[in-house]
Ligand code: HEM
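Before any questions on binding or motion, here is one chain by itself as structure tokens, the form predicted on its own.
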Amino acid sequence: MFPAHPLEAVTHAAPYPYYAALARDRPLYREPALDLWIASHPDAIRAIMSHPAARVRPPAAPVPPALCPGPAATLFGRFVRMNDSVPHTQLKGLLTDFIRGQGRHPEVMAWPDTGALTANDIDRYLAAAPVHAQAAFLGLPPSVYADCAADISVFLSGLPEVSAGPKTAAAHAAAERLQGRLESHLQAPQASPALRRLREAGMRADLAPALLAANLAGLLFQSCEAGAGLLGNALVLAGRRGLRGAVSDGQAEALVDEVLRTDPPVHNTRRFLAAGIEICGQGIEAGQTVLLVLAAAAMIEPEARWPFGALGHACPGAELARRHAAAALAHLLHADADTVSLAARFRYRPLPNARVPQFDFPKEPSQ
């Protein structure tokens, strides 16, 4: 049975026939049940992404209101991926050059040799390993990897809040730690060569160190759910293929590439209209939100890397994410993760945009 709508499709067992039909038959339409416009065809998605009225955040709420005021709001507001302003556009180019100029090999979060890996171990590894790998790539010292992963997790947990509460207070504290830690390492005389190069490029561009540091945190933030989904879905694919034990780097990369084509980690993103627009013969009013179904666009253009976005807000770390996921997958297989059992029992975390497997959860009560 098809999902009822695109948000339900993210956690559906087999959403891809639905996505193919959506892109083919309903390239752009309004979904009353969600109070959203839905764009599913590549042409419609590109047209909306490239329109100046389509913003990555609601014009009246550039930061989630529950975070305001406080350190979490300040950090979020500095993220280049959450902003369309000229300084942030300039910063996006600088970060892209920084990522592409790195020649570092993936550094994998090692799993302690404590016996058989449990489902809970795997879930915790999915959450932490992408942040560890990204922190290593950025040139941060190993002593801060675990703290960065923990703070990113706490910060993320506060974002869905609609009003301030305990998770919001924790997110403020985590954001303050992230900002201070990353700014300190960026500015330190003994900073890694990579961070020194970024600092010098920022100075030449007249970008404040606080903004640069916040976007180092933003790169950690971006890696978390998408990285967990990519690695988790690759584990499921390995289990369905009956793969266990050591694999070559090429085998791990091939599995990750297949996941990116057939079961990607990111399915949706959004745009918020600051003015009325006309796209594909449809008039969409100011104040409306458009859900861009990237997973449906990928059914039409499977090689276009839609899970990583497109145009001005395309993820600059697509190749990096691929390499990190492949290295982590090879590590877990070498550690003898029971992929067959993992693939036989899992569900998807209830997220609106990312398809992230969860392997440790209570059994359903008996009927």
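Residue numbers here begin at 1 and follow the sequence given. Keep in mind that what you see is a predicted model, and the values were worked out from it rather than measured.
There is also a form predicted together with this ligand; it is not shown, and the following applies to it.
Contact with this ligand in the predicted bound form, defined as a heavy atom within 4.5 Å, holds for exactly one of H185, R197, H88, R177, namely H88.
The contact with this ligand in the predicted bound form, taken as any heavy atom within 4.5 Å, belongs to L219 out of A297, C148, L140, L219. By the criterion of a heavy atom within 4.5 Å, K92 is counted among the residues contacting this ligand in the predicted bound form. In the predicted bound form, this ligand stays beyond 4.5 Å of every heavy atom belonging to H172. For V340, no non-hydrogen atom is located within 4.5 Å of this ligand in the predicted bound form, even though that partner is not displayed. The shortest heavy atom separation between I99 and this ligand in the predicted bound form is within 4.5 Å. Looking at 279-287, 198-206, 264-272, 185-193, the stretch with residues near this ligand in the predicted bound form, meaning non-hydrogen atoms within 4.5 angstroms, turns out to be 264-272. For the three residues L117, N233 and A335, a heavy atom within 4.5 Å of this ligand turns up in the predicted bound form in no case. Contact residues in stretch 318-340 (any heavy atom within 4.5 Å of this ligand, taken in the predicted bound form) are L320, A321.
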